[in-house]
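Have a look below at one chain only, the form predicted on its own, in structure tokens format.
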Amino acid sequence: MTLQARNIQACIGNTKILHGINFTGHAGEITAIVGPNGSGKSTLLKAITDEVDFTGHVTLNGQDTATMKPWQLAALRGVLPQAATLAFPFTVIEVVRMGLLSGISGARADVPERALNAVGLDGYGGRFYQELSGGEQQRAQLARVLCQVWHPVVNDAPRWLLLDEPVASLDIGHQLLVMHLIRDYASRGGGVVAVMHDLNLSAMFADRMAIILEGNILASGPPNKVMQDDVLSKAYGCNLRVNTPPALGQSFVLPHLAIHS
């Protein structure tokens, strides 16, 4: 089962952002979308979730999303935006329960607390959302999304986490917590597509990476094939050197090796 986006073109105002992108995410895997600021990463995710006008086709588990009803999409995918603003003083548990208003886990009163525990916010349910730090709010929103698609596979069909910079405002410990959480979700059969900035975290956890540059896919595939000196240097506009620890075979980039062109 896959999430497929074919010939995706999108504009913001009069500016064309995406130029006919073809992209595939696979169930049971984490696919990281990386690239420099303004390259079109978030716009691609918003096209996949129909939050921006676009041309092209998106299919989810073989179904054309344009023909699916909102409730059908909500049952198959949970979407985490870059940021979420709430105008009313909801408690954290009320925010998390928004992902569990109905559906297969709708009667499971334990799921919101389990989701909060999974993101490291055990005991935060009674606090007001606006009192949380930015990183805590981000994790509360992730808990909400998890509630929506709590079971990675339902009736032999994978469900999907679509995440826009899920670790951007987190410290390293919580970054690893979230990455292990989505790794577990994928290992249990769900699909994860995540917009990421950290190349090293992406290489550590992703099964596939897609680098976007100026609205086009520059390279895609397993991290050790995508993380190449020439590819990264072209994408980020500076000379980068990819290193591999011999014992692990894991690619990584050290910032002190980045020399501006």
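Just so it is clear, the model here is predicted, and its values are computed rather than measured. Heads up: residue numbers just count along the shown sequence, starting at 1.
Quick note: we don't show the form predicted together with a small molecule, though the next part is all about it.
The stretch in contact with the small molecule in the predicted complex, judged by heavy atoms within 4.5 Å, is 33 to 41, chosen from 203 to 211, 33 to 41, 54 to 62, 219 to 227. In the predicted complex, the small molecule lies within 4.5 Å of some heavy atom of Q82. In the predicted complex, I17 approaches the small molecule with a heavy atom inside 4.5 Å.
Although the partner is absent here, I12 is a contact residue: one of its heavy atoms lies within 4.5 angstroms of the small molecule in the predicted complex.
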